[in-house]
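Each of the two blocks below gives one form of the same protein chain as structure tokens; they are labelled structure 1 and structure 2.
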Structure 1
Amino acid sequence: MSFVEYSDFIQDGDVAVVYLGHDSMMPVKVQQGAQTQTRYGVIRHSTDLIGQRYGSKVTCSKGGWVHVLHPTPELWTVTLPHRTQILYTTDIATITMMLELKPGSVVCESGTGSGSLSHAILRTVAPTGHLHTVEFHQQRAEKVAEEFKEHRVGHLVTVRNQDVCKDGFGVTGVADAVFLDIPSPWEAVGHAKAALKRQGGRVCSFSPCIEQVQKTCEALAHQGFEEISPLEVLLRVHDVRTVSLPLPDFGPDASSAQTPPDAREGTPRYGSVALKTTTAPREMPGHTGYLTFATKPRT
């Protein structure tokens, strides 16, 4: 099992995702002899998981059942243990696209946090790219490095425990892209520029407050970055439901010669028709943060 390569069968030591429902999933470290409790009963790893094909339907001890899924960055984002606030799929998709990431890209990231974006970057740059990620908090850096090894992507990432604003990313002139998710990104813009390759490169900064965006834009302009573009991504998911709409009955066609006389004299009747439609949510999750993108000019 690897987060960047698909495996057919569940093996001892894998991290699998137990799917209980659309809004209920959890990651499980598969271990010989271990058990996992769910609301449908116990899952016994030795007999119910190991050797089974990913995507299998597993019956629990109480008679209920779950599906066991192969881990992906998308599933990890919604199931990971939160040590910090994380980035979600909508922002992650925009970041990976706007930073022009592809297999072989070298990326610098700070801070690592819970590793939500990191896993998406690793899958995008695999198998020949590399992620240099910096985390200020020592325990978080150690934990995320341990998770990368468990998820078998450790060879694609280097984790550093240091202050990016003071010490930078630990590399110079190698990155195709830099991502900043720190309280004062403007203090790290110089280090971001130094980490980027001489021939251009892209930078993205995530900040929840517009004042942070203003200072970051000023720092980017001062360092000579071009195409500075802040944006905000808002997601609105529509609900699919069945509605009943009135259908007027105007009676038979009076001009038709085949229409019986008594039918033409009837009173118009009204029926209804059921159909699927979508409705906008009454409440919508609002602001998450601003994404500021910029391009290093080619020298």
Structure 2
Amino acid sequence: MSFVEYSDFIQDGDVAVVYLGHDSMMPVKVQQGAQTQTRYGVIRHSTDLIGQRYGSKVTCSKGGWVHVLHPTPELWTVTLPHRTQILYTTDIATITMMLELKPGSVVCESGTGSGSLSHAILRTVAPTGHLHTVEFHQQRAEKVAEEFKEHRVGHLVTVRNQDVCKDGFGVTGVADAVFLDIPSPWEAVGHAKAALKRQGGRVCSFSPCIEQVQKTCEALAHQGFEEISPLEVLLRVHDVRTVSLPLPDFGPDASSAQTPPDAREGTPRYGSVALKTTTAPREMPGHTGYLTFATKPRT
């Protein structure tokens, strides 16, 4: 297992994702002899996981069962331990495409946060690209570096514990893309420009507030960035369900000659109709942040 390469079988030392049910998953570090407690009972790593195929059904001690999934950056995003606000897959997918990431891309990122985006970047730039990620919070920088190793992507990433607004990304003229998720992105725009290749590249800044976007756009324009394009993407989840709609009873139809237009074949006058449809969740994320993209021209 690695976050950038599929394996067929679960091995000692892997990180696996236990699927407990819809929207309910947990990551597990697979260790010979270890056990994991779930609401369906205990999973014994040596017998239940190691040597099993990813995707297998595992019966827990209480008789309930779960599926064990191969980790992906997307599964990691929904199961990782939150040390900060994180970026979710909808924004991540947009960032990946709009930054034009692909195998071989060199990317700078700050802040690393809980590493949600970092894993997705690493997946996309592997096996020949590199991620330089800067996190000012020391505890977090250490923790995420440890996770990268556990997820076998450590060779693709350099974690730096410094203040990107003061000290930049620690590299110059090497990046194809730069991503900013910091409170004052406009203070780091100059460093972003310096980190990007002379031939140009793409930059993205994520900010929840429009004032941050305004200042960042100003700084980007001032630094000569082009195609400055702020946008927002929201995910809408459609819950599939079967609903039953009762039919109204308008009373006996006196004029039997002309059947009323509401008479339905095969359904009694006084019944209901079942219907496959989707419903919107009562509440949904109304905003995560604005994504401001721009292109650094050749300099």
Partner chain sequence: MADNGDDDPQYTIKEGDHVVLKRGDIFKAIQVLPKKKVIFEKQWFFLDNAVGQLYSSTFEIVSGNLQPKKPKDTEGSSDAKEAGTDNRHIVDDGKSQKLTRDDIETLKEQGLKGQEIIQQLIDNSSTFRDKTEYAQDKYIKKKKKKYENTVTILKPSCRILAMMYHGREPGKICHLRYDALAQMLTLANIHAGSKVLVFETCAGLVLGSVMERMGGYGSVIQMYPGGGPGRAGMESFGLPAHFHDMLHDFPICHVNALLAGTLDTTAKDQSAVEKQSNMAADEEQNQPEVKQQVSPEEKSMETNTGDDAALDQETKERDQRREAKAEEKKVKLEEKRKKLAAVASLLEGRNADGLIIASRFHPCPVLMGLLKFLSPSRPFVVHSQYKEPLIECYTKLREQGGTVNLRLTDTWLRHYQVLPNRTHPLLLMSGGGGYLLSGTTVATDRAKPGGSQRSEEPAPKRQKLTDTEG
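Here the rigid core means the biggest group of C-alpha atoms that line up within 1.5 Å when the two forms are laid on top of each other. The first residue in the sequence of structure 1 is number 1, and each one after it adds one. Just so it is clear, the model here is predicted, and its values are computed rather than measured.
Given these two structures of one chain, say which is the form predicted in complex with its partner chain.
Here the form predicted in complex with its partner chain corresponds to structure 2.
Return yes or no for T47: a CA shift of at least 2 Å between structures 1 and 2, with the rigid core superposed?
It does not, since the T47 C-alpha is displaced less than 2 Å between structures 1 and 2 after the core fit.
Spell out whether the Cα of Q37 moves at least 2 Å between structures 1 and 2 when the two forms are superposed on their rigid core.
The answer is no, as the C-alpha of Q37 shifts between structures 1 and 2 by less than 2 Å after core alignment.
L231: after superposing the rigid core, is there a C-alpha shift of 2 Å or more between structures 1 and 2?
Comparing forms between structures 1 and 2, the L231 CA shifts below 2 Å.
Rigid-core-fitted C-alpha displacement of T277 between structures 1 and 2 (angstrom):
C-alpha shift for T277: 2.3 Å.
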